[in-house]
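Below you will find one chain, with nothing else, as structure tokens; this is the form predicted on its own, and questions on how it binds or moves follow later.
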């Protein structure tokens, strides 16, 4: 029995950490949410124990006391007022006192210094993420990979391209819905550099569980260097004598109408692939990015992630798929 209790405790505590744990906050908004959660757990735990104690006391054998009808009514009224009005009323007021300030941390309110935070735009698709970095020097677009500066607030402007999705980074703050035709805003901040899991938190179809976003918080100077590298990336080479020329031709024929590669195509149906080789995952978290992973995705994507909108490539020879995958792995800023 003791071993079972220990294993149960270890399993329960395992949920208090990890890239998707709200109980392991890494930013001011997430800390407020975590403290609110702990307060609710402790408060309602005490209420539960009190109710159980009263329930047990009601079954305890004791001498029956005689009360007049007026005394019975007064006693019942006390329980109704105390347990039905006073206790819920105080509980709601306490939750509001702590919950409203926690919610305000997520709002894009003006900062004391007057300097507006950086804006990152995120669009949810079935079932992948489009991330845009608007900037006076030029917009940067990537997919399923979000990089933000650590130690400073960032305003995320989110929307949906097809159905309702939800943007949620558990260790940085609460979730917000991504509604087609509407832009919602949420402010998040990472205290220190790190890698955080993000997930669509609104059921959006059969592959909802496989709509993950790889989020990295990096020092501000590294973030600006990352942006500059993608903004100033050279167009994909088009030398016909290049070893990857056949793969580029295959891409132009089969993929260019849906996918963008800087300097080669302007497709806007699927994810932008200009920096595909530098991303951490494929298929919004379905596969880890490693040698040969892109070719496997191209050959098996409907088996790995059934229902995604990319057509099968069964008509292509395996050698062509391997060459196309090898070339796409070279797309790095």
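Residue numbers count along the first chain shown, from 1. Computed from a prediction, not measured in an experiment: that's the story for all the values here.
There is another form of the same protein, the form predicted in complex with a small molecule; it is not shown, and what comes next is about it.
Visitor: Identify, from the list 156, 127, 133, 196, the residue with a heavy atom within 4.5 Å of the small molecule in the predicted complex.
Guide: Looking at the other structure, the residue within range turns out to be 127.
Visitor: Does the 4.5 Å heavy atom contact test between residue 323 and the small molecule in the predicted complex come out positive?
Guide: Residue 323 lies outside the contact set for the small molecule.
Visitor: Using a 4.5 angstroms cut-off on non-hydrogen atoms, would residue 313 count as touching the small molecule in the predicted complex?
Guide: Result yes; residue 313 sits at the interface with the small molecule in the predicted complex.
Visitor: Please check if residue 267 has a heavy atom lying within 4.5 Å of any heavy atom of the small molecule in the predicted complex.
Guide: No - in the predicted complex, heavy atoms of residue 267 and the small molecule never come within 4.5 Å of each other.
Visitor: Classify residue 294 as contacting or not contacting the small molecule in the predicted complex by the rule of any non-hydrogen atom within 4.5 angstroms, answering yes or no.
Guide: Yes, contact at 4.5 Å.
Visitor: Decide if the three candidate residues 144, 255 and 309 all line the small molecule in the predicted complex, where lining means a heavy atom within 4.5 Å.
Guide: Judged in the predicted complex, 144, 255 and 309 all sit within 4.5 Å of the small molecule.
Visitor: Since the chain is shown here on its own, which stretch among 267 to 275, 53 to 61, 23 to 31, 39 to 47 would lie within 4.5 Å of the small molecule in the predicted complex, judged by heavy atoms?
Guide: Stretch with heavy atoms near the partner: 267 to 275.
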